[in-house]
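Here are two versions of the same chain, shown separately as structure tokens and labelled structure 1 and structure 2.
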Structure 1
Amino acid sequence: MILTVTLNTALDITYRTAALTPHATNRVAEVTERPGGKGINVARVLAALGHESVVTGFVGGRTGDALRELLAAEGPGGKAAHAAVSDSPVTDALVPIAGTTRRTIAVVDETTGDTTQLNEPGPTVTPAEWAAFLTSYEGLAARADAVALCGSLPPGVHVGAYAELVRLARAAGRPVLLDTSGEPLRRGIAARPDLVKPNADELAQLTGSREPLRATRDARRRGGRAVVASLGAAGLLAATPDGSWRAAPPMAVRGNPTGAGDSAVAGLLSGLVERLPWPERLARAVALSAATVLAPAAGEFDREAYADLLPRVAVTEQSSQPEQESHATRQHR
């Protein structure tokens, strides 16, 4: 079982419009609602890859009720089931709170393919609710093959929360992945997670460097056993105990990027549990990320696109010197 943690869950709402015009009335052609938050997206993709997945975090209010209903409906036979859902549903171990779960709004312009994102802040979590979560988390982490800590912290949760959760997972002997930003990332990486996945901006904010390879290696020195940086359309850059690699998709893709980074996390996490070599983990992560951009709704991935892209992802080993060009390119097959 793989445990994913989403402290700031969300109901993801996607609006599709023929053309988004600022300062005007825009007619919406299609609306979709999905259970969201980074860890829930990760769990959904893990389940589609055949891994038993459990989600935990906070949920509350009518929005939270809708999220849980939709999550249950995504299982086998559920009315929301689709091609990216496996025979094993995501298990709901979310912790109820008094506050109301947030919404995120993605507005997709069908003409340009661009997406405008609006994210609500999330409910305030009380000290008693945090204590209840910790009790549940310790029990779940002890049974997990791996743990993923994903996304922003809701109001009321202390800034060192992810560092605390990393330490608890490590104390239980479980590998743990951290995917967050800002001060929670800075504190969390010092707790020595097994894998950290920042994007380029988060990595630069953490290290002060805009040179990706130098920055990923700096992040390792700050505590991450392995660091995989998302470079957007350019793919992924990994600095690991076994070496450094770049992985790039064979082409640029346009669509809704919501959940693309989460699909990359699912690829990395599944590869970790399956003990795949790093080049294979990175190729899977890049292909899943691109296939998510091509999917019609947030948190899904296009299976046909994934199968097509996977063997064409280029994985390039990096030299030991950040300023030098890579010295070996291997096409992942």
Structure 2
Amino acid sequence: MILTVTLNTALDITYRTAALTPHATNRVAEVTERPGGKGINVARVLAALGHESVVTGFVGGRTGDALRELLAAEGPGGKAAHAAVSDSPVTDALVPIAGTTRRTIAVVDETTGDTTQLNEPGPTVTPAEWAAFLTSYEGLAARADAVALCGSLPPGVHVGAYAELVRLARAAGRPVLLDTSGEPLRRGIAARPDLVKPNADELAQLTGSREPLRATRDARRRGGRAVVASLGAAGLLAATPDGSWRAAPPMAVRGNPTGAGDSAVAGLLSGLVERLPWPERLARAVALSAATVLAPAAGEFDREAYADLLPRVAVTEQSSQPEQESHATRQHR
């Protein structure tokens, strides 16, 4: 079982409009809702890959009830209308809170294809709710093959929360992946997670460097045992104890990048528990990510595209030379 943690879950709502006109009244043509938040997206892709997954985090209020109901409908035999009905179960181990789960609204302009995103603030989590979560998390992590900590922190949760969760997973001897940003990433990486997956912006914010190889290796020095940076259309760049690799899709893909990073995380996690060598893990993550961009529905992946892309991902090992250069550079500062 793979455990994914989404502290700031969301009810993701998509509005399709003929065209979004600011400062006017816009008629919404179609409304769809689904359970959201990065860890929930990761679990959905893991389930589609045949991995049993458990989602935890916080959920509350009417939007929280809607999220749980939709999550239950997505599993095998579920009645979800969309294409995400999965091969394996996503088990709901979300912790109830008094606050109300946030909504996110993606307004898709059907004329331009552009999306305008409106994200509500998350509910405030009380100290008692955080304590209840920790108890539940320790029990779940102890029987997980891997743990993924994903996304932003809701109000009320301390900024070192991910560092705390990394330490608990490591104490239980479970591999742990961290995918967050800002100060929670800075503190979380210092707790020595097995894998961090920043995007280019998050990596630059963490390390101060826009040079991906240097920044990725810097992130390792900050505590990440392995660091896999997602570089958009350029694919992934990995710095690991076994070596460094670049993995790139065979061609640039056009579509909706929503959820592409979450699919990459699912690819890395599934490869980790299947004990695949790094190049295979990276190829899977890149193919899943590109197949997510190509899928018509945001955050889902196109299975045919995935099967087609997987053998065509180019994975190239990076020499250790730049590491030494980087080291030299630091010495000259």
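Sequence positions of structure 1, starting at 1, serve as the residue numbers. So that the term is clear: the rigid core is the largest set of C-alpha atoms that superpose within 1.5 Å between two forms. Computed from a predicted structure; not experimentally measured.
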Original post:
Between structure 1 and structure 2, which should be identified as the form predicted together with another copy of the chain?
Top reply: 2
Subject >> residue 29 C-alpha relocation of at least 2 Å between structure 1 and structure 2, rigid core basis >> reply: yes
Original post:
Aligning on the rigid core, do we see the C-alpha of residue 314 shift 2 angstroms or more between structure 1 and structure 2?
Top reply: no
Original post:
To one decimal place, what C-alpha displacement in Å is found for residue 20 between structure 1 and structure 2 with the rigid core superposed?
Top reply: 4.5
